[in-house]
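Only one chain is included here, represented as structure tokens and corresponding to the form predicted on its own.
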């Protein structure tokens, strides 16, 4: 008995060539940013547990890694500098500045270089800002004052984009004004505007030496990152950062917050990035190691979900594998 031809949807699914033609969302390596970690005083590069192909780099190995990434189509990077000496205030960003200058000297405008702007890798306690004397509160204005100086120094060193990830109030507006007044108005400002207080950051915190530490009253980042059950907070934070001059907004993590990304990208007409954080990425890698999932295919599925939810930029530890994975599994 003939079926209703109006309901015959499988004709459009029958082979990869047809699926290519009708694909509504397409992921490209050109949309991806590869995170990089460079560590002061490190003698040899070290693998990051859970993040296949990701290393804590030396200044020398960092350049070699970028050179190899360029060969597989990766041209956009997000740099995390990890200084050797930790402080409580008056932070020294010169190590990361030197790496920016080195990358720019070696690769010129062949690469897009974003640089994370935060203090967690520089503080003795691992928090993202300046603690008060009692150790129970991050001082917002003192932290913003420090962040502005760091952002300016990174931009002056040659960063194409500065990316504040601290979640302090008002830092976007101050950084934007400071960049413009310094004649650095072409530098992009990418805000981690919807950064949630998540349990998925573990491998990153080992890579960046950025976990809260010590016998402090303030044990975690719940007082400055967004509660997972508060999407309205994410909206207000993102709207404010857009109005203060952010060029790109971000949701972090990715998969647990696809609903937030979808809503925000519709409500706020800015380019949206999503950070597939270390725990998300490592989870797929761990399942793949145990034969529970086909790793490359699962990564492509996650990346497709990000684009479908409204992102135009994906920050992922798998950017350097994306060309290979997409050619295999996107159709």
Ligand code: PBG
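These figures come from a predicted structure and were not determined experimentally. Residue numbers count along the first chain shown, from 1.
Omitted here: the form predicted together with the ligand. The next part is about that form.
In the model of the complex, none of the heavy atoms of residue 189 sits within 4.5 Å of a heavy atom of the ligand.
Within this chain, residue 257 is remote from the site of the ligand in the model of the complex, having no heavy atom within 4.5 Å. The ligand is not shown here, but in the model of the complex it comes within 4.5 Å of a heavy atom of residue 118. The ligand is not shown here, and in the model of the complex it never comes within 4.5 Å of any heavy atom of residue 178. Proximity of 128, 195 and 210 to the ligand in the model of the complex is complete: all three residues have a non-hydrogen atom within 4.5 angstroms. For the candidate set 302, 277, 62, 39, a heavy atom within 4.5 Å of the ligand in the model of the complex is found for exactly one residue, namely 277. With the partner omitted from this view, the residue of 225, 102, 140, 75 that lies near the ligand in the model of the complex is 225 [heavy atom within 4.5 Å]. For the ligand in the model of the complex, the listed stretch (92-100, 118-126, 233-241, 67-75) containing residues with heavy atoms inside 4.5 Å is 118-126. In sequence order, 204, 205, 210 are the residues of 203-219 having a heavy atom within 4.5 Å of the ligand in the model of the complex; the partner itself is omitted from this view.
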